[in-house]
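Before any questions on how it binds or moves, here is one chain, the form predicted on its own, in structure tokens.
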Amino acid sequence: MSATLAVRGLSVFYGQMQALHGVDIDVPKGQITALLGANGAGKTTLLRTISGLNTPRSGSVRIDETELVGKPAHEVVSAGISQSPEGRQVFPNLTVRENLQLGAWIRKDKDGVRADMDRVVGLWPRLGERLAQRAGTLSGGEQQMLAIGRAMMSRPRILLLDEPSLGLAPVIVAGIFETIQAVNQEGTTVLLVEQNAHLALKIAHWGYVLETGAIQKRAPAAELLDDDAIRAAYLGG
């Protein structure tokens, strides 16, 4: 079910501006890897490139031994990678059920899709109560649950999460992070981009720090939590 993601030498440009500078990261099978960095560091660019939405100038993205660079986004999903984007980006005029069904659009196993719908609803009963409700009428927290649930409907081996706590109340964030841990414990590998560095490192196994498009530090998450420089920059001292 789970997989290893390996990124090597990834360089991405927007016109003449270089957004990523030879980025190397590993996302070990069955673990949560946190990617930290300030706004504009290149975190979302990295996730979009892994997902096939950006084309790198150079470098490699592999899931197990499968090269993903050059594949269109739908083939990246078929290879086992799914992303919950920053800002949630649910389809507001579609129902919760329809949003979840869209997450499974590449799949033909109807029984499996139904089982995964039940799994998502089991993780977030609030979504189960709102299956017929338009997604645009949900609260921000419910939309975030839906965005992650939709990504899970492709049954990914690697789940990419971009700022799942953004704009949400602390009590909602705590519940979402508990669910991320539960999904990981069920076997899904997770790459987590998150500005709430303390929460991210609390649940992660490994962590990376990205600054101005380059990896500046890589260490076990527990080490980064105790790193004075990381504490000063991302954990409030």
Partner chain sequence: MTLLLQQLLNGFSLGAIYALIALGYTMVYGTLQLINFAHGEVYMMGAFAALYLAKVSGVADNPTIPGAIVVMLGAMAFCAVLGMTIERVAYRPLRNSSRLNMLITAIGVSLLLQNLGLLMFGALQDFPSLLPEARWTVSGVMVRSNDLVIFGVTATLMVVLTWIVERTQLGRAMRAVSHSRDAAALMGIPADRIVVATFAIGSVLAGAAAVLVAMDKHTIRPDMGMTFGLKAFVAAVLGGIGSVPGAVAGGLLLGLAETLVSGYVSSTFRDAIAFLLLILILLYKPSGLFGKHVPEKV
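Please read all numbers here as calculations on a predicted model, not as lab measurements. Positions refer to the first chain, counted from 1.
A second form of this protein, the form predicted together with its partner chain, is not displayed here; the remarks below concern that form.
In short, of 70-78, 136-144, 121-129, 163-171 it is 70-78 that has heavy atoms within 4.5 Å of its partner chain in the model of the complex.
Contact between V90 and its partner chain in the model of the complex is found at the 4.5 Å heavy atom cutoff. Mapping the unseen interface onto this chain, S51 counts among the residues with a heavy atom inside 4.5 Å of its partner chain in the model of the complex. Although the partner is absent here, P85 is a contact residue: one of its heavy atoms lies within 4.5 angstroms of its partner chain in the model of the complex. The single residue of 143-178 lying near its partner chain in the model of the complex is R150, the criterion being any heavy atom within 4.5 Å.
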